[in-house]
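Here you get one chain, nothing else, as C-alpha cells; it is the form predicted alone.
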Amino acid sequence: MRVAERTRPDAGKAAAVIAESSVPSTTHDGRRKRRGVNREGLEAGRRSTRTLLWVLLAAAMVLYGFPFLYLLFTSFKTPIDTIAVPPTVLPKEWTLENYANALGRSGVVASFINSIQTAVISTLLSLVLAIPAAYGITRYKTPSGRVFIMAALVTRMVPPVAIGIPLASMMASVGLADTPIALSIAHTTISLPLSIWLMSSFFEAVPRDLEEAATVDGCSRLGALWRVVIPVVSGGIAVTAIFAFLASWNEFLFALLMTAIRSQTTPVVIANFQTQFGLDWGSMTALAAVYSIPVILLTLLLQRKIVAGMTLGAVKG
C-alpha cells in the first residue's frame, strides 16, 4: 500500500506533463499573432497621430508666416503692383526701389537709433526691477508678496490707453517730454509685470539647497543670488529679456503719445508714410521688413538660452 501511495503523486505529475504537451501549439501561435496585431495597431496609431500633428504644425506655420511673407514680397513690388486689384502674392517685377525710398527718407535712421535705445533701456530697467522683486517673492513667500504679484498682474490688464495720457503729462511736467528716457519708463510699465511673473516661475524651479550650500561656504544672501542663482536661471533671464525687448520694440501707442520729432521710434515713422495718393505701401513694407531684422537676429543668437529657459524646472528630481 505504501508503494502504491508513493507512486500516485508521480503518476499525477506525469499526467499533467502529458496534458500540457497535448495542448495544441496553435494556441500559442494565436497569442503571438494577436500580440503582433496589437503592436502593429499601436504603431499605426502612433504614426497617424504623428502625421496629424505635423500637418497641424505645418498649417499653423503657414497661417502664422504668410502675413510676414506677403509683407516681404510686397516690399519688392513696384508702386503700381502694391495697389493692384486683385492683389498678387509674388511681385511681377522685382525691385529695390521701395527700400531706397524708405531708407532715404529723413528721420528713418534716427528713428532706428531711438527704437534701439528705448528698447535696451526698457529691457535693462525691467530686469533690474524684476529680478530682485521675483526673488524676494519666491524665497520669502509673505502675504504682502502674494498681494504684490497679483497687483502686478492686475496692472498688466489695464489698457495702455488708460495710462498713456497721464504718463505723457507727468513726463512733460518733469521735463522729460519727447525723450527716450520717458518712453523707456513708459515701456517698462508694460513689460515689468510680465517680467516679474516670468522670473518668479524661474526662481521657483531653483532648489534652495544650492543657496544653503553657498551660505555654508560663506556667501551672503545677495552673494548667493549673484554667484549661484542667477547663473542657474540665465536661460530664464534671456527669455524675460526677449519678451521685454519685444514689448518695447513693437509698442506704438506710447511712442505716438510721448514723442514728437527727436525721439520718434520706427513704428511711428512707418505709420507716417503717406503720399498724395494715400499710404505708401511699398515703403512701409520695406521699412517694416528691415525693422524686423534685429529681432530675428536677437532671437537666433539667444536661441539656446531661450530653450534652456523655457524648459527650466520641467524636470525635477
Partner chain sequence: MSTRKTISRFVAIGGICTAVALAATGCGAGGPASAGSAASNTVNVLVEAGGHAELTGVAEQCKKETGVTANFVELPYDGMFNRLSSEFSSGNVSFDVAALDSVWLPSFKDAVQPIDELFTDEAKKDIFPALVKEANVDGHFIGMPAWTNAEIILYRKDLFEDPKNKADFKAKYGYELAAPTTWKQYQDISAFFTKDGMYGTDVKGAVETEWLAHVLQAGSPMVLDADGKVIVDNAAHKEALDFYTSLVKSAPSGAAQVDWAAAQNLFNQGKTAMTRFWAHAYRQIPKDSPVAGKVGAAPMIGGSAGVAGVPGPWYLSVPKATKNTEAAKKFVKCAYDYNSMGIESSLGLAARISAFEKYQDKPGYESFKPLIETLSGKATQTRPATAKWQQIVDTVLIPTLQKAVAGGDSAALLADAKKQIEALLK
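Positions refer to the first chain, counted from 1. If you're wondering where the values come from, they're calculated on a predicted model, not measured in any experiment.
The protein also exists as the form predicted together with its partner chain; that form is not presented, and the subsequent description refers to it.
In the predicted complex, do R105, I121 and A172 all put a heavy atom within 4.5 Å of its partner chain?
Heavy-atom distance to its partner chain in the predicted complex: all three under 4.5 Å.
Can P91 be called a contact residue for its partner chain in the predicted complex at 4.5 Å between heavy atoms?
Contact with its partner chain, no.
Examine T179 and determine whether its closest non-hydrogen atom to its partner chain in the predicted complex is within 4.5 angstroms.
Judged by the heavy-atom cut-off of 4.5 Å, T179 is in contact with its partner chain in the predicted complex.
Is there any non-hydrogen atom of F66 lying within 4.5 Å of its partner chain in the predicted complex?
No, F66 is distant from the partner.
Whether I230 contacts its partner chain in the predicted complex should be assessed with a 4.5 Å heavy atom distance threshold; does it?
I230: yes, in contact with its partner chain in the predicted complex.
Its partner chain: the contacting residue among A84, A100, L72, A213 in the predicted complex [heavy atom, 4.5 Å]:
Contact with its partner chain in the predicted complex is made by A84 alone.
Interface residue in the predicted complex among A151, A205, C219, I165, criterion: non-hydrogen atom within 4.5 angstroms of its partner chain:
Exactly one residue meets the criterion: I165.
What residues in 58-81 sit within 4.5 Å of its partner chain in the predicted complex, counting heavy atoms only?
The stretch touches the partner through T78, P79, I80.
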